[in-house]
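The form predicted alone is given below as one chain in structure tokens.
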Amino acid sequence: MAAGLPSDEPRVCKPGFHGRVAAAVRLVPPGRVTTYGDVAGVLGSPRVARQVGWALAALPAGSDVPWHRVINAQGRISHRGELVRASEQRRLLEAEGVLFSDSGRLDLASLRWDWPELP
């Protein structure tokens, strides 16, 4: 238990969280995107967008999870200093037909995946 948290405080990122993130992201179809916050929200924990990013960053090389379809709420790729990964993400999205503006933003309003009800 983390220091300072009462013992009855529910854990937001319970065991299996990474697997739940991967399963949710696999639902996003080619040519569509979602945000870290959207994934967190659909998993029932809307305040853990950062943890969604960590879960995706922890995917093993060669994973079949389409991590590249998850972007930030401003419609941009969050590179956090990982420029090679950001370039790969953009290349993968463009290969699916996603267009970026000159400023590196995509049209989130038209490309955002409308999540179905999850079981």
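Please read these numbers as outputs of a predicted model, since none were measured by experiment. For every residue, the number given is its place in the sequence shown, counted from 1.
The same protein also has a form predicted in complex with the DNA, omitted here; what follows describes it.
Considering non-hydrogen atoms and a 4.5 Å limit, does the DNA approach residue 71 in the predicted bound form? Residue-level check for residue 71: yes, a contact with the DNA.
Evaluate residue 92 for contact with the DNA in the predicted bound form, applying a 4.5 angstroms cut-off between non-hydrogen atoms, and reply yes or no. Because no heavy atom of residue 92 falls inside 4.5 Å of the DNA in the predicted bound form, the answer is no.
Is residue 53 part of the interface with the DNA in the predicted bound form - any heavy atom within 4.5 Å? Taking the distances in the predicted bound form, the answer for residue 53 is yes, it comes within 4.5 Å of the DNA.
Contact test in the predicted bound form: residue 47 vs the DNA, heavy atoms, 4.5 Å: Yes, residue 47 is a contact residue.
When you measure heavy atoms, are 18, 57 and 78 every one within 4.5 angstroms of the DNA in the predicted bound form? All three within 4.5 Å in the predicted bound form.
Can you tell me which residues in 21-43 come within 4.5 angstroms of the DNA in the predicted bound form, by heavy atoms? Sequence-ordered list: 35, 36, 37.
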